[in-house]
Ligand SMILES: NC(=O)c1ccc[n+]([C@@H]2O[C@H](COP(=O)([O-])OP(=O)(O)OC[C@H]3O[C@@H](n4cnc5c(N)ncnc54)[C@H](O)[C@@H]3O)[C@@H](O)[C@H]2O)c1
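The chain that follows stands alone, in the form predicted on its own, written as structure tokens.
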């Protein structure tokens, strides 16, 4: 194998494009598989590794394992050409690789403390196969200092090699969202930090083969680690601000959206939409990772903690809006037939991890509601497999419903005709719009009862 750390940046780029370097991607999830395909597109020989044997077998049959635009075509192209192969043995793959890209999941535990157990065990396996002169690039989301405090020792102990001397080590956070991963990975500038200058330059050369927008080289690894968490916290805080202002507007009898649109004509105001909260694998978790690190420094991130509390409360608030509307109709949540439209955490994405809609559904069930779930991004069988009652069509799902709750702004939901909805549902059905896709006046004009997050003039 080639000792990549001894190559010049231009030599690294040339050898990747000519297929003379092997890149192993450890973790073939929502970002790992797209990354593997992009490296294969750049010319590298790519080995993808995942512990899920069924996933590995499916990829080796040239089938994409996640719902991502353009990914099925790329997987088929590169598997069939021999550029991409999947394995379930980390050590075996790493032992024939010049570059190892780590994209395994990181999370938080039940106490909301950072959990790097999967990353730690993966690094020990990587170390057992790591070759002298190879380069390891961590892309999993971690708090500052985790690469040097956890990843580096794990790799060194299991490999018998020294980082910075025998192998290179760098960190580069993934800046992409599900549903547009391939585009984001190429078109967003990529942040990269290295353990030393040699690691930084080698990692930058490798990443430049898949990133069109250019790179941002940080002065050290912990700064690169911080950028991903700062991005997530910024987004989480802005959503929490919109949600808290929305809650205020409901009490004050103000339409948040009218106030927001007027406020945002000021160049420095960029208020977000209020919502049912946040989901996915990033925003509900990454602020807690930063909090965990801050605790070790004896520092309290009070604003970040407050934002998390506000966003976590939103599913229960949406349930309270439903209860308010049902009371107006002379009904109550217990025994009410409630249809929840949307289980995805974000519009136009087939992904339900940490979706606030799931917490809403569970809360409704605890109150005794009869809940039916429909999401056009999932099949009837897939929703049933998640443990929820469902119907195969929108019409069947809302039939005779006493309350309909929209949780996410899928394009299919934006085209809902309130008049048709009124014809399908029970008389005086309550519509709770937590996704801001329907016009309140049009909804009430056809005899439906409207509630919406931030819509103070429609809250009674």
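Residue numbers count along the first chain shown, from 1. All of these numbers come straight from a predicted model, not from anything done at the bench.
This next part talks about the form predicted together with this ligand, which is not shown.
Next item on the list: Mind telling me which stretch in 115-123, 379-387, 336-344, 319-327 gets its heavy atoms within 4.5 Å of this ligand in the model of the complex?
Entry: Correct option: 115-123.
Checklist line | Contact assignment for this ligand in the model of the complex, among 210, 146, 282, 200, heavy atom within 4.5 Å | finding: That would be 282.
Notebook entry, point to check: So which of 243, 141, 369, 159 gets a non-hydrogen atom within 4.5 Å of this ligand in the model of the complex?
Noted result: Partner contact (heavy atom, 4.5 Å) among the options: 141.
Margin query: I'd like to check something about residue 29: if you look in the model of the complex, is any of its heavy atoms closer than or equal to 4.5 Å to a heavy atom of this ligand?
Written below: Residue 29 belongs to the contact set for this ligand.
Notebook entry, point to check: Can any non-hydrogen atom of residue 108 be found within 4.5 angstroms of this ligand in the model of the complex?
Noted result: No, residue 108 stays farther than 4.5 Å from this ligand in the model of the complex.
Notebook entry, point to check: Do residue 228 and this ligand come within 4.5 Å of each other in the model of the complex, heavy atoms counted?
Noted result: Taking the distances in the model of the complex, the answer for residue 228 is yes, it comes within 4.5 Å of this ligand.
Check: So in the model of the complex, does any heavy atom of residue 104 sit within 4.5 Å of this ligand?
Finding: Contact with this ligand, yes.
Item checked: Residues within 4.5 Å of this ligand in the model of the complex, restricted to 42-81 and counted by heavy atom -> The stretch touches the partner through 49, 50, 51, 52, 55.
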